[in-house]
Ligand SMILES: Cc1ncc(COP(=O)(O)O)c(C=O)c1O
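There is one chain below, alone, in structure tokens, taken in the form predicted alone.
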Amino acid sequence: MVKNNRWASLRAKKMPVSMFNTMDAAKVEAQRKGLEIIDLSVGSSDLPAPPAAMEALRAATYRSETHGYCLHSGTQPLRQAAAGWFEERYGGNLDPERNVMVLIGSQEGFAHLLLAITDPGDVILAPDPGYPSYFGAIALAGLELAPLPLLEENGFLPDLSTVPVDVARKARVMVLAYPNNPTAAVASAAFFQEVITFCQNHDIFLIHDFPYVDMVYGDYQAPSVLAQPGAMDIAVELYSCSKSYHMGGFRIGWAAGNADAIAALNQVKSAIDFNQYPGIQQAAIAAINQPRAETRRAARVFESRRDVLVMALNQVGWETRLPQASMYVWTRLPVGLDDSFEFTVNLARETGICLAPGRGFGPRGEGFVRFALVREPEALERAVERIQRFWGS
């Protein structure tokens, strides 16, 4: 254990225990029993990357000029493509040189951005429940966490009027993510404008994690923070190819927004990495440039899975709402159950069905579980059947 490791730093010892490792151990136990594993605990898309992206990567591997280190200037084509994507989608004008930075995935970008714009001891407003890597990055940066409760009665949006005045006065950064992981909640442009005003009034920098921009259902369109008035003065938005283009293992994304924050991020990253392999960057460009109809087609696949799963859960008496976006279904534990870790670990061990426990996303996630829509409809139906038998027993 790291906490008893004499060579572990204080920052390593402050890192939260990974719920994914806990669930993985339960999954291994189920495999030893010979159970079929239906893993709905990790939000890793099972759809293939775009053919154009794969062809771009394949061609790049045969060009020796892609085999060396990639300095900042080498990321210009992807930065230009990202700026063009934003202009086409939201009508905003991003300078590829000043407002865009290529990332080795948005998770890496978030951790390095905190190191770039905060100092140890600064206060950060972060969602609870929230994506687990936020808490690890916050510990790494030595920040003081001030939770923003995401409550069901508020549509899993933070109520900024409840932030104590002294906390708002001390806060350096706020983190939000909509469409949300884990709750699948969505936000409006009006909500983002309220957040921007709050941050301006209290001199708080806003980080908006935006990987689910294309995983939206029905007529809902996910607004960008950067498209709102005043955002470019106080915000950075993080993008990823992992969800929109099913390229999670490629580890490629970008940050966009305030020029000073982007410059600070560049300064930190230049001391740590030489950027992602150029062939993967070229694959990302090909993915970004494909017709939007392709991302809408993929979203409909997840939408149909959502419909199947939610209907199956409701049919067995597990009351669950239809989310408008993301690749998750976030729902309360059935009546009579209150420990999400105990339920999901035992479920995995005994049935091979793996879900994410709500408490793994923060204290206010307790009482919930998260289903990831990463299997075909038939597997989702089988999962609910097994859950019903386990739950009933």
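Note that the coordinates shown come from a computational prediction; the quantities given were computed from them, not determined experimentally. When you see a residue number, it is the position in the sequence shown, counting from 1.
There is another form of the same protein, the form predicted in complex with the named molecule; it is not shown, and what comes next is about it.
The named molecule is not shown here, and in the predicted bound form it never comes within 4.5 Å of any heavy atom of Trp318. Using a 4.5 Å cutoff between non-hydrogen atoms, Tyr131 counts as a contact of the named molecule in the predicted bound form. A residue is said to contact a partner when one of its heavy atoms sits within 4.5 Å of a partner heavy atom; Gly257 fails this definition for the named molecule in the predicted bound form, lying far away. Residue contact check for Pro127: none of its heavy atoms lie within 4.5 Å of the named molecule in the predicted bound form. Residue Gly105 is the only one of Pro158, Pro96, Pro278, Gly105 with a heavy atom lying within 4.5 Å of the named molecule in the predicted bound form.
Heavy atoms within 4.5 Å of the named molecule in the predicted bound form map, among the stretches 117 to 125, 288 to 296, 240 to 248, 69 to 77, onto 240 to 248 alone. By the 4.5 Å heavy atom rule, the three marked residues Asp39, Phe368 and Phe371 all fail to count as contacting the named molecule in the predicted bound form. Of the residues in 203 to 231, those that come within 4.5 Å of the named molecule in the predicted bound form through at least one heavy atom are, in sequence order, Asp209, Pro211, Tyr212.
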